[in-house]
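Take a look at this one chain, the form predicted alone, written out in structure tokens.
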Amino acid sequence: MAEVEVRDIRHVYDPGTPDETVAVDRVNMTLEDGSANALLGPSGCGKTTLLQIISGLLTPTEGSILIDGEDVTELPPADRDIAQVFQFPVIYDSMDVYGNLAFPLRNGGVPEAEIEERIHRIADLLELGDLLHSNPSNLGPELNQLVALGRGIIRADTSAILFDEPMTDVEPSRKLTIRRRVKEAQQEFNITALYVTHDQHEALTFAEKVAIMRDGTLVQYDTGENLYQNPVNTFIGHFIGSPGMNLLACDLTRQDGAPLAQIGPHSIAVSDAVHSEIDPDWTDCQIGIRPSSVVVQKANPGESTDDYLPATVTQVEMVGGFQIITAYLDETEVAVKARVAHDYAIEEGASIGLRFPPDDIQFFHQEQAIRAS
């Protein structure tokens, strides 16, 4: 496999016209040899454009694509040895599954004995062995995606494989199984992979590192754990997680020289780690805390204290194996979401206390995370 480097890529559609659109703006990213990566973001953020630039279907307005250090920006797709699996796979109905898998090998002049050996290895891995002589037109879209995947990885000289929203046409009940087989294939063949999706669950369960795009820019490229625990800005904080991070607008005050986040009458301690990074004159500040980190106390303390803030529950939802409660801090219009156990007895209208452990609080200024230097 190979290392793929995206170097200062910028792409503009309809340049110099009233419809000029910057689809990708100065993106830099390196897909390490043999790594599983995902490209995640909302619709229209530039994911597919960047994928097509990497594969060679588009030539960028500026920047370079390098494979193992070689500049391939001007090379056509056929000369990059990159396989691509599309949303709706191109399968040849005139051939059975065996013929579809054999097609790229036969085009490359691979001996039939080697073709047969590789096909059976791929078929065993993807659990297609019983379908080798079936016509793809009789298979569902999820199985055709596996055939397309097999055809992409069957060549020994494949540098990388790109997945463009591959689960679009797959039944929800089958997605987990298909994604597991794709992941196993990526690991078995040590394939450099890039998986494009708008579904954070797909991205985080497939990839070692996830690149998140917004409005054509790469916002953060990191492990799933760091995206969740250490978002670089409020967009990542809210985008990652279900529900996303609580982002609460606050003013700054001081107590004994230490900064406090002030939300209405409520004061919230800020982590010691970022004290020295905070300017007391800042405005446009927010604190962020994950719903799973908010501590809920049923017995309302009755007033704001150093530990618990009084709040009123307005909604209780069962999500997966947990309940997500929404509560408004008393004397404010600030809503906070908290995650509690599925059997935690709590009702709408209940008075509760909420505690925000300082070490679990993120602090943001002008939407950017403040970190200890």
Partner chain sequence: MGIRVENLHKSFGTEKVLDGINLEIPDRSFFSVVAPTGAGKTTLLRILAGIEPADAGTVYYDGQDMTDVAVQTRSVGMVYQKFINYPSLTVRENLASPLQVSDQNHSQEEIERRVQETAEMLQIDHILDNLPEEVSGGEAQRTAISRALIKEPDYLFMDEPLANLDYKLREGLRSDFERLFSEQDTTVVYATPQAGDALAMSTHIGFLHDGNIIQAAPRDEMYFRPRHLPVAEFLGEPPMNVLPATFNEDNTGRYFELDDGTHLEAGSLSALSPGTEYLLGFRPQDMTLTENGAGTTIHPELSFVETVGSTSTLHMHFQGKEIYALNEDPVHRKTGSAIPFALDPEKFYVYDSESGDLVAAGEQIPSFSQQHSPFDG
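Between two forms, the rigid core is the largest collection of C-alphas that superpose within 1.5 Å. Numbering follows the first chain given and starts at 1. Bear in mind that the values here come from a model prediction, so they are computed numbers and not experimental data.
This protein has a second form, the form predicted together with the partner chain, left out of what is shown; the following refers to that one.
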Q: Could you tell me if all three of Pro172, Phe239 and Gly321 have a heavy atom no more than 4.5 Å from the partner chain in the model of the complex?
A: yes
Q. According to a 4.5 angstroms non-hydrogen atom cut-off, is His342 in contact with the partner chain in the model of the complex?
A. yes
**Q.** the partner chain contact in the model of the complex: Pro243, any heavy atom under 4.5 Å
**A.** yes
Q) Taking heavy atoms only, is Thr73 within 4.5 angstroms of the partner chain in the model of the complex? A) no
Q: Consider Asn28 of the chain shown here, and say whether it contacts the partner chain in the model of the complex, taking contact as heavy atoms within 4.5 Å.
A: no
Q.
By the heavy atom within 4.5 Å rule, which residue out of Arg179, Lys209, His120, Arg214 makes contact with the partner chain in the model of the complex?
A. Arg179
Q.
Using a 4.5 Å heavy atom cut-off, which residue among Ser292, Asn233, Gln297, Ser159 comes into contact with the partner chain in the model of the complex?
A. Ser292
Q: Report the stretch among 223-231, 259-267, 276-284, 188-196 that approaches the partner chain in the model of the complex to within 4.5 Å, counting heavy atoms only.
A: 223-231
Q. Can you name the residues of 23-50 that have a heavy atom within 4.5 Å of the partner chain in the model of the complex?
A. Gly41, Pro42, Ser43
**Q.** Exceeds or equals 2 Å, Cα of Met318 between the shown form and the other one, core fit
**A.** yes
